[in-house]
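Listed next as structure tokens is one chain, alone, in the form predicted alone.
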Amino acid sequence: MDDKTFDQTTAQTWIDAIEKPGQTQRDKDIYPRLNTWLNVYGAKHVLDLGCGQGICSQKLLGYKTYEGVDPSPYLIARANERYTGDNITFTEGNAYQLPLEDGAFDGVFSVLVFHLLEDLAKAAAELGRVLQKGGSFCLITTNPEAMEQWAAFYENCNIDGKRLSGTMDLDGKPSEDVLYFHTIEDHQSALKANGLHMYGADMFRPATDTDNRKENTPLLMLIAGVKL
């Protein structure tokens, strides 16, 4: 989602992981949180920034229009194959340069994307541009205090400051990843500079000893707020 995009093999690996049958961890903790956000703030015209293959268009309830943006043509093709409807559209685009009009949405959300972005300020500027005044946002990303726990998922892991790179086994297939563990203060500063008020951060999905990671360390973070 940063300055490069998934190749076809990586995109298919992601599709297989997200679309596997049965209840996933996302069904337990991510989608309920997104629906709580949507219910609390009442957004009707929503943007899914970094939509992947578009599954959130089916998991969210109560919106009037949904637009998903992702830089991967393979993921957008899958989204259009499975989920396009009268009130659902998918577009290729990068978080740093969204192909969307100013103030087009009253709600913007992003799931596991902002930790893939090196330039947080540039992404926050685009988020602020497409969100109308009074609109709300919801960002689900990595907990910056859980870098050690995330490192345990990867082989050939290398940590350089806030940057982590390595190879993860994703349902039996290797996935080369680069993650950026931006602090809460980093997010707050980038958002504030673009007229976006952050209400706070909620940490969730604790790692456990059974995963050979530190007990009760939340792996994920949800940031919500509004455009002033």
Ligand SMILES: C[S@@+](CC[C@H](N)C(=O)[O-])C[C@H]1O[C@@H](n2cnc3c(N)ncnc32)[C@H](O)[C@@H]1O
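Please read all numbers here as calculations on a predicted model, not as lab measurements. Residues carry their position along the shown sequence, with the first being 1.
Below, we refer to the form predicted together with the ligand, which is not included among the displayed structures.
- Contact annotation: of the candidates A124, A146, L75, L131, the single residue with a non-hydrogen atom within 4.5 angstroms of the ligand in the predicted bound form is L75.
- Residue-level contacts in the predicted bound form: of I88, V113, L100, L120, one residue has a heavy atom within 4.5 Å of the ligand, and it is V113.
- Each of R26, I55 and N94 comes within 4.5 Å of the ligand in the predicted bound form, counting any heavy atom.
- Residues placing heavy atoms within 4.5 Å of the ligand in the predicted bound form fall in a single listed stretch, namely 46 to 54, out of 46 to 54, 157 to 165, 199 to 207, 180 to 188.
- Annotation for 183 to 202: no interface residues with the ligand in the predicted bound form [heavy atom within 4.5 Å].
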